[in-house]
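Single chain ahead, written as structure tokens, the form predicted on its own.
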Amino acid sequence: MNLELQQFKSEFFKALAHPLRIRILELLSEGDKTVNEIQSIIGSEGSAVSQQLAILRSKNVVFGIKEGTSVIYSLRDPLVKDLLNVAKQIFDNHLVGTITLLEHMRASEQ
């Protein structure tokens, strides 16, 4: 069971391992969107957004519902939004630590 969970986590984080996929997930955490809406907000080519959405779909991170000629994408699990927020907090903590280290280095040089 533990190995299965580790494998799931590994595959899940691989699905997140691209800046454009992260940006797409951030947008979807704000609400459901079509490919065109995502493209318009990101300012990226349709093929790039579609490729990244395909990866996120294949890893069951997002899903799409066809509505007319459009597909509306949503997060499969709303906890992804929490995960993105935690990742930002970790980044902020890292940044604060780096700034503090630089301040101490500069202070010791004087």
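Residues carry their position along the shown sequence, with the first being 1. All values reported here derive from a predicted model rather than from experimental measurement.
Not pictured, yet referred to below: the form predicted together with a further copy of the same chain.
K.L.:
With the distance limit set at 4.5 angstroms and only heavy atoms considered, check whether 6, 9 and 12 all reach a further copy of the same chain in the model of the complex.
P.N.:
Yes: each residue has a heavy atom within 4.5 Å of the partner.
K.L.:
Which one, 48, 79, 65, 54, lies within 4.5 Å of a further copy of the same chain in the model of the complex by heavy atoms?
P.N.:
Comparing distances to a further copy of the same chain in the model of the complex, the residue within 4.5 Å is 79.
K.L.:
Could you tell me if residue 36 has a non-hydrogen atom within 4.5 Å of a further copy of the same chain in the model of the complex?
P.N.:
No, residue 36 is distant from the partner.
K.L.:
Would residue 72 sit within 4.5 Å of a further copy of the same chain in the model of the complex, counting heavy atoms only?
P.N.:
It does not: once a further copy of the same chain is placed as it appears in the model of the complex, residue 72 has no heavy atom within 4.5 Å of it.
K.L.:
Find out whether any non-hydrogen atom of residue 26 is located within 4.5 angstroms of a further copy of the same chain in the model of the complex, and reply yes or no.
P.N.:
Yes, residue 26 is a contact residue.
K.L.:
Verify the contact flag for residue 41: yes if a non-hydrogen atom of it lies within 4.5 Å of a non-hydrogen atom of a further copy of the same chain in the model of the complex, no if not.
P.N.:
Heavy-atom contact with a further copy of the same chain at 4.5 Å: absent for residue 41.
K.L.:
Taking a further copy of the same chain as it sits in the model of the complex, which residues of 90-107 have a non-hydrogen atom within 4.5 Å of it? Please list them.
P.N.:
Heavy-atom contacts within 4.5 Å come from 90, 91, 93, 94, 95.
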